[in-house]
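This document opens with one chain alone, in structure tokens, the form predicted alone.
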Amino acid sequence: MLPPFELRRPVSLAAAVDLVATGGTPYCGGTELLAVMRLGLASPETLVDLKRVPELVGITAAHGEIRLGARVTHREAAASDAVRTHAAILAAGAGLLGNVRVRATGTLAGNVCFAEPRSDILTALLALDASVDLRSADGARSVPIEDFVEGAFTTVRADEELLEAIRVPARSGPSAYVRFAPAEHPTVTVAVVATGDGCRVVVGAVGERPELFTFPGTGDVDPTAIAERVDITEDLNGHEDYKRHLTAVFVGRALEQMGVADA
């Protein structure tokens, strides 16, 4: 059973921000929030439904970046031509996340704010050097994903702030996204992006937050060295040695997918 709450449905961004500023908890898909409420881990007095806020809808590509509004679902991101062309690993991660119901109703913004350690979305966004736009009654600010997530289920978003959009630099170079998921949540996720001045490798799901490693180029990536350096959290998905082994294997597979190494 869900705990009692008041439901508010604003029809403008300004109204939504005002409701969040006075203690409302924003949501759109609700796939994570409603689950923790049913478990008794959260009991917000007021829920602010964002599904009628027009300013939070849509995916646009302009000025060298892709903007994804807070209402964009995983399915929409996975199917977007702009995302598939200029942020292919985000489309890949969004298309693999969870299950059909979660991808159809859950949003990228909600996933990012929840900061689930095994998030496909966070792994891809960190590799892409993405940022988020936060808005409150006092103004707006932009925060890099690298700084936004502090740890497991913890971000720098203040209670009175609303995540308005996710911004991803448009890229045309090679990239790869691989994961190992014997169950619904992955045990390891790896994203690799070749940039104009090097290579970004992100390992997720093995610890409390995705970790970024940068290199001069893809040919300089050592999967074993990354596996030795990554922070590991032992849990039901495996012990430390097992996760380090998987990290090395899947970093190697990502490089193989990009055609720069043999796995």
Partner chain sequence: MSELRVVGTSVPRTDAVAKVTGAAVYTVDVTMPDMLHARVLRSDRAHARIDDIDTSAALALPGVVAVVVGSDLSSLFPRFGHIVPDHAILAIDKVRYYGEPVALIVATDLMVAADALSLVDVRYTELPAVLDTDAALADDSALVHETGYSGVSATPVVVSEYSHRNVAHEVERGWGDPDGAFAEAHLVVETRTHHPMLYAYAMEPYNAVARFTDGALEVVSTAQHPFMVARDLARVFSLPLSQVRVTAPYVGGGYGSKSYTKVEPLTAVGAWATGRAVKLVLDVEESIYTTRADSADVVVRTGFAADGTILVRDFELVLDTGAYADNSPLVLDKAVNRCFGPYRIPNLRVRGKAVYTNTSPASSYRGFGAFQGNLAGETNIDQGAERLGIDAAELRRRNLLLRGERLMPGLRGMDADLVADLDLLVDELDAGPAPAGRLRGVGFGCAATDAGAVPSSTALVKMQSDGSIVVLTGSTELGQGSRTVLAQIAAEELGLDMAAVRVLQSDTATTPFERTTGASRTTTLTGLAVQRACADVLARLRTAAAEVWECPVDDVAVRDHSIVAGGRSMSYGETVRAWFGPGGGEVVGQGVVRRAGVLAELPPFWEIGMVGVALDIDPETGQIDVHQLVTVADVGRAINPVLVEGQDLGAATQGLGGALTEQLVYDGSQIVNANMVEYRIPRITDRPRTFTSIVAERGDGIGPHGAKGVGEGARNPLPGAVAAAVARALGVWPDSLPLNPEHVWRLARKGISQRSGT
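Since the structure is predicted, the reported quantities are computational estimates derived from the model, not experimental observations. Numbering follows the first chain given and starts at 1.
Keep in mind the form predicted in complex with its partner chain is missing from the figure; the text below concerns it.
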Quiz prompt | its partner chain in the predicted bound form: contacting segment from 121-129, 158-166, 144-152, 181-189, heavy atom within 4.5 Å | solution = 181-189
Quiz item: Just to confirm, L19 within 4.5 Å of its partner chain in the predicted bound form by heavy atoms?
Solution: no
Exercise. May I ask you to state whether G207 is within 4.5 Å of its partner chain in the predicted bound form, using heavy atom distances?
Key: no
Quiz item: Any of the heavy atoms of P223 lying within 4.5 Å of its partner chain in the predicted bound form?
Solution: no
Quiz item: Would L236 count as a contact of its partner chain in the predicted bound form, using a 4.5 angstroms cut-off between non-hydrogen atoms?
Solution: yes
Exercise. Scan 51-83 and note down the residues that get a heavy atom within 4.5 Å of its partner chain in the predicted bound form; none is a fine answer too.
Key: none
